[in-house]
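What follows is one chain in structure tokens, specifically the form predicted on its own.
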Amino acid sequence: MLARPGLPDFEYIRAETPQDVFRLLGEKGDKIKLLMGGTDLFIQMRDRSEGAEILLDVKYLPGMQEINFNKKKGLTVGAAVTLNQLSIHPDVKTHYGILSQSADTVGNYQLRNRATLGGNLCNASPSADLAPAALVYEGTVCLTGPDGNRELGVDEFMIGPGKTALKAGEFLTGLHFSIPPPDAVGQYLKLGRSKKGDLAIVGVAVLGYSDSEVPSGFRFRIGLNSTAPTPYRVPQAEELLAQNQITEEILNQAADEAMKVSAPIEDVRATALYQKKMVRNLTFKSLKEVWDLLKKS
């Protein structure tokens, strides 16, 4: 058996300021790739699906590796924060538990020491494990470029497999999450070919909380990955749960809605039919478990 090819030759540059990034991106164009953790990029380079003459390391720029929580303003996470840092941070675990849970499902411990939140989203994989959590917490991505800073909802950032809304010269500096409702509870359930560490065949994040302004008295946010070109919310199911008394029948109907809107493809991991059925099963299981927690609170 032939050995896998090694990495192609490349030049490594460590960015010292954002202006370094803007200048080099403007000068080198497609010849340069930004580096944070590199866990996806190095594999793509090894397999020759991604080429780069220069790797520009941006993780040492100010704020890129910081996690800051404010009880009024919420949570800001630098794009180069590793998944291990995210999974064990006390404020993340207390207030944004689904982020912590989903970070802990990625790869293995050694990989999570390199893999970053920003890289997980910028890779724009349909199976990105952090995306469902970022969607249900209604996060915003913080971008900077030669023309200044801007913010986009996570739901606007990933626009297709491997494609983001980044403009030429821009890069992701972090994500911001507002304070969740005070009684919010949630979880991330992931189905892979192995118990831990595999890419998601289906991933479902559910956040539930009380809301006296809707007929049911509760709201649920549902985020899914790996079953459409991009991770996505299920507004049809969310509205159904807001407008009707929460019963097991209604939870089943919401799970049916999630299955209807899923659009998985056939690949080596699973058939499309199997994935659709698992969307239904995992959505129902997540909703039921979150509902049981809400009733106890």
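Values in this document were obtained by computation on a predicted structure and should not be read as measured data. Start at 1 and count along the sequence shown; that's the residue number.
Beyond the structure shown, there is the form predicted together with a small molecule, which is absent from this document and is the topic of what follows.
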query	finding
One stretch from 65-73, 258-266, 28-36, 227-235 that, in the predicted complex, holds residues within 4.5 Å of the small molecule by heavy atom	28-36
Touches the small molecule in the predicted complex: A272 (any heavy atom, 4.5 Å)	no
Any non-hydrogen atom of L191 within 4.5 angstroms of the small molecule in the predicted complex	no
V214: touches the small molecule in the predicted complex, heavy atom cutoff 4.5 angstroms	no
Proximity of G119 to the small molecule in the predicted complex, heavy atoms at 4.5 Å	yes
Residue among Q85, S100, T105, T140 with a heavy atom within 4.5 Å of the small molecule in the predicted complex	T105
Sole residue of I179, I159, L111, L152 within 4.5 Å of the small molecule in the predicted complex, by heavy atom	L111
